[in-house]
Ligand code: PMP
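In structure tokens, the next block holds one chain alone, the form predicted alone.
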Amino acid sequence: MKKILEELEGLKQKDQLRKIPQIESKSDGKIVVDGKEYINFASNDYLGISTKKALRDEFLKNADYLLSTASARLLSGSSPEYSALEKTVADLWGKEAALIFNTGYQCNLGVISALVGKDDVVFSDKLNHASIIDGMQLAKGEFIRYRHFDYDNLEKLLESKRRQYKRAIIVTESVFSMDGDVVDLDRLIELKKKYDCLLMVDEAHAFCCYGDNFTGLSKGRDVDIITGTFGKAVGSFGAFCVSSEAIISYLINKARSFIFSTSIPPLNIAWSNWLLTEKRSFLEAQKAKLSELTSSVHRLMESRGIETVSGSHIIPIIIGENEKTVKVSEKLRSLGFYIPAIRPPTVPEGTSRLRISLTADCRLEDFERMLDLV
């Protein structure tokens, strides 16, 4: 216990000690924390779906679904709702099959740890999400991290290391979760073909925000494995992997985070499928609103001479030091803006930041006023 207390004190001294915020309610573009309402620039509910009461009421009016499966899917925890949603997602990308996981974390963890055996290797962008890193650490094979977006560095690694392994997988996010920058998929596809690799793309922050048919950056591209989540832009819960029938069958038999998890309640699965099938026009309208807002925000920042690596709805304001970042976040909170400080280990040392998430319900004038106050 003494060591635990010492480590907690160490985190506190470095301004890295985290506490769960007491969130009382959310509405379109707003959040109530500790009894006070704020403009919410911290949400991953990119299309604003989760706060739409009228939408929720319409779905629940005729909903008659179990609130628990009480089992893993390979036992008695599956249902027709799962098959329907998996078909919907596979059809979006024009792929053979899909498999639902409980969370995006469990999905990436399970896919990578299952597919990478002792004679295999993963080549991973250095800024990939923790779920990808943890999946590589659990895998029995090797993993090699290339410098973020440095595809020449990746090619040198492939050239020198690829022949030492049987199967190789290149793994990347499409829109990166902390910097909001966008991958060069054409270059990765070129390298995966040249060096006989599989290519895995995590579309968590692009699904339903970009691309034809809500499919982010990867539809119609030579991408072997696509992962994503219903818990962000879809305003639901759960995650998915889309791929060939062979790979999905392999995951059903080998992915421990799928095999040994009680499955998501059918109510949530049906809600996701209803949104993606019956409410496509609403999602498209919200997607268009987000796209317009994102373009306007980037034009505003450019007009003010503010540089950013972001090319998306995720916009980092990198401050650097933990203490200074926390103080800026607290100042903005006192002025009515909810933008928590993002610190290591979520981001590299020395890059603490405010991570601004634009949603379809955010307003340009609020963003402009926030910039005036930073």
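One rule holds for the numbers: they count along the sequence shown, beginning at 1. Note that the coordinates shown come from a computational prediction; the quantities given were computed from them, not determined experimentally.
Only in words, not in the display: the form predicted together with the named molecule, which the text now covers.
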Among the candidate residues Thr215, Ser243, Thr229, Ser257, which is the single one with a non-hydrogen atom no more than 4.5 Å from the named molecule in the model of the complex?
-> Thr229
In the model of the complex, which of the listed residues (Asn268, Thr103, Ser261, Ser79) lies with a heavy atom within 4.5 Å of the named molecule?
-> Thr103
Options 153-161, 199-207, 283-291, 270-278; stretch whose heavy atom lies within 4.5 Å of the named molecule in the model of the complex | 199-207
Is Ser124 a contact residue for the named molecule in the model of the complex, using a 4.5 Å heavy atom cut-off?
-> no
Any of the heavy atoms of Asp179 lying within 4.5 Å of the named molecule in the model of the complex?
-> no
Find out whether any non-hydrogen atom of Lys192 is located within 4.5 angstroms of the named molecule in the model of the complex, and reply yes or no.
-> no
Even though the named molecule is not shown here, does Ser131 get within 4.5 Å of it in the model of the complex, heavy atoms only?
-> yes
Heavy atom within 4.5 Å of the named molecule in the model of the complex: which residues of 343-359 qualify?
-> none
